[in-house]
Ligand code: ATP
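Quick setup: one chain, the form predicted on its own, written in structure tokens, and binding and motion questions come after.
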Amino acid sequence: MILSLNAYAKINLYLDVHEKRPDGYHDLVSVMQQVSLHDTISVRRLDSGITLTCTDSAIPTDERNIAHKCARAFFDYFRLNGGAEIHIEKKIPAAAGLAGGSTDGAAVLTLLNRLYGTGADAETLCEIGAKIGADVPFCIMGGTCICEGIGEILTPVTLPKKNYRILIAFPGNGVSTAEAFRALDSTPSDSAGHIPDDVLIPLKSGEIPKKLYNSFERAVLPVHPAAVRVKEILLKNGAVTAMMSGSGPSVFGLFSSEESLHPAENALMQAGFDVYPCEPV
């Protein structure tokens, strides 16, 4: 039996990264939003071993892959003698700040839980996933969440109808998350005057937040002019606001309707950028 699941990308509507902790991680506060851009994960039960294939030949399919790591962690946690054949139909660009690897891992945990009948709740799956990647717990929970700690402390946010659309553009040359954190550590903070309520209050009123924030912009944009160009095009072509997602370099714009994002979509395509129209999930 093969089970399949859509693995949704995320954007950060707010992301404030604090100073490095003694254990080498960074505490953060983020407002994350799941979006309709997704990979599709298929898993089949095997007697033993973990195999992984992917439609994107640039993605590693060995123990380096987060989906592979999550499968291994699942079997170790439940002390199961079994295996899995995993296939990833890749649509989310890699190293783009969209949690493409983490959401694949989250989907693998969810599917293995069903295949093996372990009956684990979301909290248990998040506990397993948090040891693999900070974004995995959110990708399991989905929706809109305030994320704290290193990303593993989640507070779901209930919103009215999300009546806005999103256009994500990937400017190429993916950014290593580890390198982005190192660059961020060497730049002075600019988070003063930015709080999560800048995003949450408008969202809860059914409005598009105009004041987004991402700590990584100050470290990544100066060395990624293509991302700066994407942001400029979005803002000049109808986006209510625009922001880099995660550690970048993907940039997203928020629009009042699907029709209103078409000028920006066309302008970005003409400039040679990959674009992904989507909506909040």
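Note that the structure is predicted; figures quoted are calculated from it, not measured. Start at 1 and count along the sequence shown; that's the residue number.
In what follows, reference is made to the form predicted in complex with the ligand, a form of this protein that is not presented.
- In the model of the complex, Lys90 approaches the ligand with a heavy atom inside 4.5 Å.
- In the model of the complex, the ligand lies farther than 4.5 Å from every heavy atom of Val157.
- Taking the partner from the other structure, the ligand in the model of the complex has a heavy atom within 4.5 Å of a heavy atom of Ser247.
- Of the heavy atoms in Asn237, none are within 4.5 Å of the ligand in the model of the complex.
- Judged by heavy atoms within 4.5 Å of the ligand in the model of the complex, the contact stretch among the candidates 121-129, 90-98, 72-80, 148-156 is 90-98.
- Scanning Ile233, Ala219, Ile66, Ala242 against the ligand in the model of the complex with a 4.5 Å heavy atom cut-off leaves one residue, Ile66.
- A heavy atom within 4.5 Å of the ligand in the model of the complex is found for one listed residue only; from Ile50, Val29, Ile59, Val35, this is Ile59.
- Using a 4.5 Å cut-off on any heavy atom, none of the residues of 215-240 reaches the ligand in the model of the complex.
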